[in-house]
Structure formats: structure tokens, C-alpha cells
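The chain that follows stands alone, in the form predicted on its own, written as C-alpha cells.
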């Protein structure tokens, strides 16, 4: 794999964020927050989101991890730091994207430091952060 600073990471697409997965995740996590499974609870808030449930942060993060795994393999992730400036809503079409910000080596392992984000066509960047990724064929 021949990479350089500024290269894009192949995007990963979630065609429609699933409210069923949110309900399942709420049950697994024993998360009592109705914002993840009750559309009426979200609509009652003065947020202007309408009757759409809010995706749990870990699920949105998983879309970006899926992107990194698809690009560099299932053992690639060395570090990830995320910010959650907006919520992800059920039914949204979101795209995980990223670019290489730096290439370096640590303990004889080549790494790519990347800027990553999850975006929505109309609302822009929903989640954003950085990741350090071990490059393929060099993973421990």
C-alpha cells in the first residue's frame, strides 16, 4: 500500500441508521434513556429534531471504526479520540470519511495518523476525531 499525507481513506456508508439497532443497543447496554427508542420522547424536547430517535454515541463511532477496519484490517486501530458535536438520527444516510494527516513509525510498526469524521449531506459533520492506524502487512 503506497500512501501519502493528504490521501483519503475509502469512505464507509450507512445508508439508513436503524432505529431497531438503537433499541437493541439500549437493551444490551441497559440504557434507560428513551431518546434512543421512543420517538415521542425526542419530539417532546425543544431540540427541533421531530419524531426521530437519537443514535447512541458508540454506534456512530462504530461506523468510523468499520471504515478503518475495511481500509487497514481488523487489528489496525491503535488510538482513537472522538468528539460528538451533533447527534445522529434514525433514518439518516451517513458517510464515514477520513484523510491521512501524518505517516510515522512506532516500535517498527508503520502508522497513519488520520482525521476522521461522520457526515450527513445536509447537516454536515456529526462526529469527528483522530485515529492512529497500523498499516496493513505490518500489524502485530
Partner chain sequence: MSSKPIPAETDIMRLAGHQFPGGFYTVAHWENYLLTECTGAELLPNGMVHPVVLFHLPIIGADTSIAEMFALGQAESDLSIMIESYDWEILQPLREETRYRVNGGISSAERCKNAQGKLYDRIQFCFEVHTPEETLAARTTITWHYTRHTL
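Positions refer to the first chain, counted from 1. Note that the structure is a prediction, hence the values are computed from the model and not measured.
There is another form of this protein, the form predicted in complex with the partner chain, and it is not shown here; the text below is about that form.
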Next item on the list: Sort through 59, 95, 49, 102 and report the residue having a heavy atom within 4.5 Å of the partner chain in the predicted bound form.
Entry: 59
Note to self: Would you classify residue 21 as touching the partner chain in the predicted bound form, given a 4.5 Å non-hydrogen atom cut-off?
What the structure shows: yes
Notebook entry, point to check: Do residue 63 and the partner chain share at least one heavy atom pair within 4.5 Å in the predicted bound form?
Noted result: yes
Checklist line | Contact test in the predicted bound form: residue 78 vs the partner chain, heavy atoms, 4.5 Å | finding: yes
Notebook entry, point to check: Would residue 69 sit within 4.5 Å of the partner chain in the predicted bound form, counting heavy atoms only?
Noted result: yes
Margin query: Need the contact residues for 13-33: heavy atom within 4.5 Å of the partner chain in the predicted bound form, sequence order, or none if there are none.
Written below: 14, 21, 24, 25, 28, 29, 30, 31, 32, 33
